[in-house]
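This document starts with one chain, in the form predicted alone, laid out as structure tokens.
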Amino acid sequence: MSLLDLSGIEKSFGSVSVLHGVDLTVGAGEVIGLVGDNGAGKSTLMKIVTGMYQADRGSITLEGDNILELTPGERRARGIEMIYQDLALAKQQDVASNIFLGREPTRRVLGMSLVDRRKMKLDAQKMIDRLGAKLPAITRPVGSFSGGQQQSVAIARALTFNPKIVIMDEPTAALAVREVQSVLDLIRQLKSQGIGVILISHRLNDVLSVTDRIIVLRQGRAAANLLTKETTMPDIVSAIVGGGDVMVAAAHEAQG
């Protein structure tokens, strides 16, 4: 059984039809690349997964349970996390404050509830260590970090929700080559912990280097479902631009 299963997802905004019966599956510890031109429907599809948008038709199950009627908060509680391209970090705050933003641990002192800064710092360091991420100091404002280091903080924050699925929107788009490798290593780390990852990216080299399968969306349809190890850059480009649909039926069997 797949961890996440989307079937026949359709979505329109007024008279504009954006998604036309999209199917997508993600297994535990599987990294899926989601690629396609701007306007292909990638962001809309992922917002339907997180609950920000409601699908007009189709079904979504997580570990076999229907989550279509759940709110974004309920879906997050069930294990679906999305890291947006802007990361949504509080740049003036330190690492611990960002990781626990809005969920700060507290302790009782003289009948008052105070933020437990020591526990925050210790737990934040545990999350960073779990990722194997390299940060200069968790007491520094995250705005002083490089782009790749800020990605590390955003991923560590997602881990505190004990996610089953992490969706990453263009995580390497603005990074230098060395930083890109660091983020790809973080994705591999999530995979090794049994977390399913959906990677939205225009950087096809990154997608080819870190994914198990690649889903190509074109004009709101899943135009290709490719096994990465059997796929080349021209295969992906051909599917994106419409030079012959490529469907790899065996990809569905790859999850066991």
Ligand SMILES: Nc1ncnc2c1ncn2[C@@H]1O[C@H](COP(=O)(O)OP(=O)(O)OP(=O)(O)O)[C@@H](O)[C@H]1O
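Since the structure is predicted, the reported quantities are computational estimates derived from the model, not experimental observations. Here the rigid core means the biggest group of C-alpha atoms that line up within 1.5 Å when the two forms are laid on top of each other. When you see a residue number, it is the position in the sequence shown, counting from 1.
Just so you know, the form predicted in complex with the ligand exists too; it's not on screen, but the next bit is about it.
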Heavy atom within 4.5 Å of the ligand in the predicted complex - the one residue of 125, 146, 85, 93 that qualifies:
85
Among the candidate residues 40, 55, 210, 223, which is the single one with a non-hydrogen atom no more than 4.5 Å from the ligand in the predicted complex?
40
All of 18, 44 and 202 with a heavy atom within 4.5 Å of the ligand in the predicted complex
yes
Work out which of the listed stretches, 183-191, 31-39, 225-233, 64-72, brings a heavy atom within 4.5 angstroms of the ligand in the predicted complex.
31-39
Core-aligned, does residue 71 move its Cα 2 Å or more between this form and the one not shown?
no
